[in-house]
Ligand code: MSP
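What follows is one chain in structure tokens, specifically the form predicted alone.
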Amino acid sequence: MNKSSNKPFYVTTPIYYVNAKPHIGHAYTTVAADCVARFKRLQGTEVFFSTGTDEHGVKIQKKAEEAGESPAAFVDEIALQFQALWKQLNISYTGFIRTTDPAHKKVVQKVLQNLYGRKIIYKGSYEGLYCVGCEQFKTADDLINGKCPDHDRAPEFVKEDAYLMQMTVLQNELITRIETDELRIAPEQYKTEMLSFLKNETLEDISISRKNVAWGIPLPFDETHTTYVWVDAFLNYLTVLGWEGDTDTLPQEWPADVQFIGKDILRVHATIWPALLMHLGLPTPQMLFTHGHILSGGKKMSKTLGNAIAIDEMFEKFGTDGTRYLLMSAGTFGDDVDLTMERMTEKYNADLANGLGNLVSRVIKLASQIESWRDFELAEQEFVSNRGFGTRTSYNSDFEEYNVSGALAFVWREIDRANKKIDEEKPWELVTSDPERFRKVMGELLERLYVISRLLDPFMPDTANKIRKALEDKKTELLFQRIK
């Protein structure tokens, strides 16, 4: 997947907007990216995994005013909540970027000055329907009954002086890059959606500034304007790597191998972001992997509807690894998925307590009757040398295509197979009736359990470690009453 064997694998989440505390949608994207990062590390690949917070804009300014705080104090508090959540979810990120970081702001101004000096950014005026919630101008086709579908309110008509960045001139080149997969958009339905948009709509030059918005990065060539949030935010994917804004010197990690995004921000990531890079003469990301929304009971989660699931509620009921598992097994990664506490509780009991937990309990308990664990030691060597992550199983191929839910389903098929073997072989009866057969069956079960623990590493790292610890301790009888 990498263009150079020396290039580290680079995976990003979006940087999350800090107008409110983190929620289940943020967790969903970030856990998926974490699973991919952990898988690549298990393959022996060097990985840079970035996430962070998007902290400027008029919406933040208004939220801070409502809370009776300064914008700086408000964003500091929310950014800490994101970092605390990632710690609780065991997210193995390499870099956490905040757009209020001084180094980031310096690069943003340097880039803007570069584009302004080359007349790619120019002064003009902009008018249109502006959704404050999206920090984005909308067309009439974007609205449903005159309202933004994501925020259920009518956008404001805005007409103001602004600085614009050229977009129309890049439209044909952008279409070519997406068609040829130089900029790959996956799954395929989102590539089709973007090409349809680009071939049927004119990509207008976009406003990159707002006037009289105090909470933002001032334009270096006109301090009465601050940078429009998207241009500021997109550059995080480079500044988190330590990029200082010089177009002839790029971090070794760039371009990103995969950028995970939700479908609500696909259009800006597939137009404004690559356009910015193309204007700078920089490579575009190799892939934008787009996932759907999290629904609950067939409807988008909403406090008003009373169907929102708090991430804290999931932690309390299912623990860290249980929460990670339930998010990644909720449905095909890329499509909309539907979660309810009732269904998750059923799945937790069936898959974790009765499926994985029962397997671990039975194998460890039966294995305590083996005089020598030579069989397990051989199984571990066999896995490392022949059956490990170097083989092209569907598990590996699913991960290579970022089908995280597919790779997890493969693990559960292995768990089901192992449980079925126990039921069929009845090793507890073989202990006295056929000791030789008992040792052979248990050797295979120990091998399978070890392999399962390795396959679980990207998804449930703590649980995987507990299983291996149980396997390594002859006297341990590990009964997973509750897997966390």
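The model shown is predicted, which means the values in this text are computed figures rather than measured ones. Numbering starts at 1 and follows the sequence shown.
Below: the form predicted in complex with this ligand, not depicted.
Participant: Taking the partner as it appears in the predicted complex, which of 23 to 31, 428 to 436, 445 to 453, 39 to 47 has residues with heavy atoms within 4.5 Å of this ligand?
Facilitator: Flagged stretch: 23 to 31.
Participant: Taking this ligand in the predicted complex as the reference, which of P71, G245, G292, P155 has a non-hydrogen atom within 4.5 Å?
Facilitator: Comparing distances to this ligand in the predicted complex, the residue within 4.5 Å is G292.
Participant: Only one of V75, L356, A233, L327 has a non-hydrogen atom within 4.5 angstroms of this ligand in the predicted complex; which is it?
Facilitator: Selected residue: A233.
Participant: At the 4.5 Å heavy atom threshold, is M167 in contact with this ligand in the predicted complex?
Facilitator: The answer is no: M167 has no heavy atom within 4.5 Å of this ligand.
Participant: Within 4.5 Å, heavy atoms only: does P255 come near this ligand in the predicted complex?
Facilitator: The answer is no: P255 has no heavy atom within 4.5 Å of this ligand.
Participant: Does F9 make contact with this ligand in the predicted complex, using a 4.5 Å heavy atom cut-off?
Facilitator: Close contact is absent here: in the predicted complex, F9 is far from this ligand, nothing within 4.5 Å, heavy atoms only.
Participant: If we define contact as a non-hydrogen atom of the residue within 4.5 angstroms of the partner, is G262 a contact of this ligand in the predicted complex?
Facilitator: Output for G262 is yes: heavy atoms within 4.5 Å of this ligand.
Participant: Could you pull out the residues of 31 to 60 that have any heavy atom within 4.5 Å of this ligand in the predicted complex?
Facilitator: The stretch 31 to 60, when checked against this ligand in the predicted complex, contributes only D54 at the 4.5 Å heavy-atom cut-off.
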